[in-house]
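Single chain ahead, written as structure tokens, the form predicted alone.
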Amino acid sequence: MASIIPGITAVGGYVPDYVLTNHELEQLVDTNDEWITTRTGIKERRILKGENQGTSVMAVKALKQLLEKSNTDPKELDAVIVATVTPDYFFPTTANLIATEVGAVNAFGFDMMAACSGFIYALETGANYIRSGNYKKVAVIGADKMSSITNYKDRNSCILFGDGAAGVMLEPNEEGLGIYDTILKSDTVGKELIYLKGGGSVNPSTHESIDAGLHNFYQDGKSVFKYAVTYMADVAAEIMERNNLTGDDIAYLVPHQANKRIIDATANRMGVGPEKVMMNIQRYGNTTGATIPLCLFDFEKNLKKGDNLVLAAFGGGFTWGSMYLKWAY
């Protein structure tokens, strides 16, 4: 029997209304617009404001778009996978919360945590459900409210992150268009370089853990940058070599939006020019699990059926990975 190709049939996305600019950050920490832009490429980021507003608020908006754009009755949805490091709760999962919100009563769901590589991990997982032949419609969403774990007194990290959600619908494709190959990797080299130490079983939430700042994101930026440039570029080049692709074959590189210099290094390693690189970091910053699908959402009108795309990401842990797919619509 011929193998089943999982194809993307819809893209949905959402970012909050509130815009946190570099100039506003100048009022909070010792920084300036030129310093931020030169080192990261970020000009502004979106922040989810208001009480009781968790990651699911954004993710459900993306999911509703996926259902509408793919002409899917919520009851037809088989599964929901959410890549996030900022779930509403440890449990119930954000995936289950948003499935219930849209009326996907027959869908199972779970959250996947692989830091900034989470969406590629989740997308490959969703693709395997489609490949099994037992599932026809799987929604994969990357969503994070990074403002909830950002220390706005840390000038090195608070400039990086924004909030957002986006995702795709996966369905079997009969034209051979969809996800062809994925490389996923991880190690613990980054254990002391990029982390959130509080809230788990090692450091449960206490007054002391909160006072010590253990519930805020931390990274050693210079060290992480060196690993990210190498790992992300290497894995993108590896998937191209494995599939006999050259820069001329690629319609777009869809990179994780952490730092413009990391993106540029990856594109250079792949041999693709800036016109073939999806980039919106200047408007959203690093939205962790949401960056890659937000790129697909923003650039959807530019994509043509059959286009070759390479997705690439690097995240805390470390986690990193790449994916080769043909655009299906």
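Nothing here was measured: the structure is a model prediction, and the numbers come from that model. A residue's number is simply how far along the shown sequence it sits, counting from 1.
Not on display, but discussed next: the form predicted in complex with a small molecule.
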inquiry  = Among the candidate stretches 272-280, 23-31, 60-68, 292-300, which one is within 4.5 Å of the small molecule in the predicted complex when only heavy atoms are counted?
reply    = 23-31
ask   = Counting only heavy atoms and a 4.5 Å cut-off, does the small molecule in the predicted complex sit next to every one of I159, H256 and G315?
value = yes
task = Taking 4.5 Å between heavy atoms as the contact cutoff, choose which of A122, V168, C116, V80 touches the small molecule in the predicted complex.
result = C116
request  = Scan V224, A127, M240, A107 and let me know which has any heavy atom within 4.5 Å of the small molecule in the predicted complex.
outcome  = V224
request  = Consider K197 of the chain shown here, and say whether it contacts the small molecule in the predicted complex, taking contact as heavy atoms within 4.5 Å.
outcome  = no
K43 within 4.5 Å of the small molecule in the predicted complex, heavy atoms = no
request  = Verify the contact flag for I262: yes if a non-hydrogen atom of it lies within 4.5 Å of a non-hydrogen atom of the small molecule in the predicted complex, no if not.
outcome  = yes
query = Would T100 count as touching the small molecule in the predicted complex under a 4.5 Å heavy atom rule?
reply = no
